[in-house]
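There is one chain below, alone, in structure tokens, taken in the form predicted alone.
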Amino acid sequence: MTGSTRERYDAVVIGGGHNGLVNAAYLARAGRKVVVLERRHVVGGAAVTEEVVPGFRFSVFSYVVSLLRPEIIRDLELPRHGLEILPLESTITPMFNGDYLGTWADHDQTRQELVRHSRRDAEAYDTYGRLMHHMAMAVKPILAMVPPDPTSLAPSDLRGMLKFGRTFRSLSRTHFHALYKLMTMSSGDFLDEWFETDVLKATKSASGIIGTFMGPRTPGSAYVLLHHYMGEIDGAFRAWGFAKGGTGAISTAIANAARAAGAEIRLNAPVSRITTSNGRVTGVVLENGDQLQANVVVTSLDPKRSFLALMSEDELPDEFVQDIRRYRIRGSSGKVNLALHELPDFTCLPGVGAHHRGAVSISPSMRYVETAFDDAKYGDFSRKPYMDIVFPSVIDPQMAPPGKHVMSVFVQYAPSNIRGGWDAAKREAFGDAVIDAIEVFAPNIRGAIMHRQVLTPQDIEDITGLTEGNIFQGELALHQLFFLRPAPGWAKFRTPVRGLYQCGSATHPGGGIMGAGGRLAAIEIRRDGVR
């Protein structure tokens, strides 16, 4: 250990992911002396852009944006700090018979495409869309709400429960029943009630499994479907986009806003311990021995890393420790990033076309997606995985050299608890399975690859610090939502240690590049008046 220094701050934020940066920006705007401590050489956590191969820039982990809260974009003036969202214009699902299903930004074009598969589904699609829009609008206020404690009689909690009740009371009987189904059913069963076309149901059900250890027939996956539907760009629900410059550009814009407000951001500054005295936080100790003192410490790390790794269990109540141990974090996804000398040529839509400006979903049937989950259930990676593919360099040419491309492949399933553990051989076998599955629909893909980066849940944990590589810092299951996230009684961003707060994706309202946890935690810190 080198010679240590002691410094004093109003607030120390552990972790420079997007939630930690949002939290620091809001605290700095409120006049607090804030420092963000990031263990890596770059801010962003899982929302980073890195030049893995010279000239090729990858959104290494997270890859699209939709959930970032509009109020954060507005409050922090993120466009002024460099944020620009480019729309993803379509989703194409190749089919085994050489056909495809496409949905487009143009409503009439999508309707014509659906009629080609099923006139009945084309008619149901608009009704379904209106229902999901209404559900998203109904739930939207809850995203900006601090979860009340239903066991408390404190005035703030009673007001919160009243507001929560009014949200549901405003729903019609039909909409209430639909919301109840979304909270409890599987995405597959919910979609069965609406559509008959298998590939349409498979593609939509995939939104209910992203980042979870659930299949499309697992109860509760319908909520994850709604969670992703709540994303919006410029007020348009279910709109997905790509940040110009990659997802790291989002983190950079937030970091710029935080610095402009007076926050300090330190890179290569891993924290080894959160310090406490007599039940209240006193600061942190860095791995190099430096001590930073503060009456407020905010952790954006997941609960297992925050409370079980950076603290001693005797500093926390036994019941809280047991709740954190039971908190379910299971990694289920991997990532494959490809540098290409040409775009994949899909047999269903030959040549380079508009479909390369959108997403390609490898979800040709419900059976295909459910079978992919079967592999993971029994401790193996999916041999024929579900994949969500985008081509950032088509949307933003600066992501690759002229004439070359980058391809981002999000993959389900790659279980963190794979039999025998992840090693180099399994990583390569996983990467091979991904390429094999793409080759079925784009035969030129193998010959187009100049370089590939394969990331397993173990790699994601080692690089970003996310326990088990879980991109949501904990599953979006019903027993881990709202006032139960991450533990009963501790969903209001506070912890059993006075002055210690949490603001990561393990807090309400959950995962994705959303920023709501960082913002809401800052509001609660200011409300407490801790300095």
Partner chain sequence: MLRTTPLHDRTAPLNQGRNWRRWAGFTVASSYELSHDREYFAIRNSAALLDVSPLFKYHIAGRDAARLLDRVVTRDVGRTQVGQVLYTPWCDARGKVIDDGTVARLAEHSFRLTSAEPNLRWLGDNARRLDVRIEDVSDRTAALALQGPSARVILERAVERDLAAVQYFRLTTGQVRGRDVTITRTGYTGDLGYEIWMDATDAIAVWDALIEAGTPYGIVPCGILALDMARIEAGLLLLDVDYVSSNQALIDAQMSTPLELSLDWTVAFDKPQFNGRLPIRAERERGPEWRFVGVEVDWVSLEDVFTSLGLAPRLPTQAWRTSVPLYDANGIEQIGYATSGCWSPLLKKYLTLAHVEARYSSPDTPLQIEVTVEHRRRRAQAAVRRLPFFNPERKRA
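For clarity, every value in this text was computed on a predicted model and none was experimentally measured. Numbering follows the first chain given and starts at 1.
The same protein has a further form, the form predicted together with its partner chain, not shown here; the description that follows concerns it.
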### Message
in the predicted complex, does each of Asp318, Arg326 and Arg328 have a heavy atom within 4.5 Å of its partner chain?
### Response
no
#### Entry: Location of its partner chain contact in the predicted complex, chosen stretch of 331-339, 104-112, 381-389, 299-307 [non-hydrogen atom, 4.5 Å]
104-112
## Note on the structure
Checking His451, Arg280, Arg273, Arg120 against its partner chain in the predicted complex, the residue with a non-hydrogen atom inside 4.5 angstroms turns out to be Arg120
### Query
Arg217, Lys244, Arg259, His134: which sits within 4.5 Å of its partner chain in the predicted complex by any heavy atom?
His134
#### Entry: Partner proximity in the predicted complex: Thr127 to its partner chain, non-hydrogen atom cutoff 4.5 Å
yes
### Message
Whether Trp194 contacts its partner chain in the predicted complex should be assessed with a 4.5 Å heavy atom distance threshold; does it?
### Response
yes
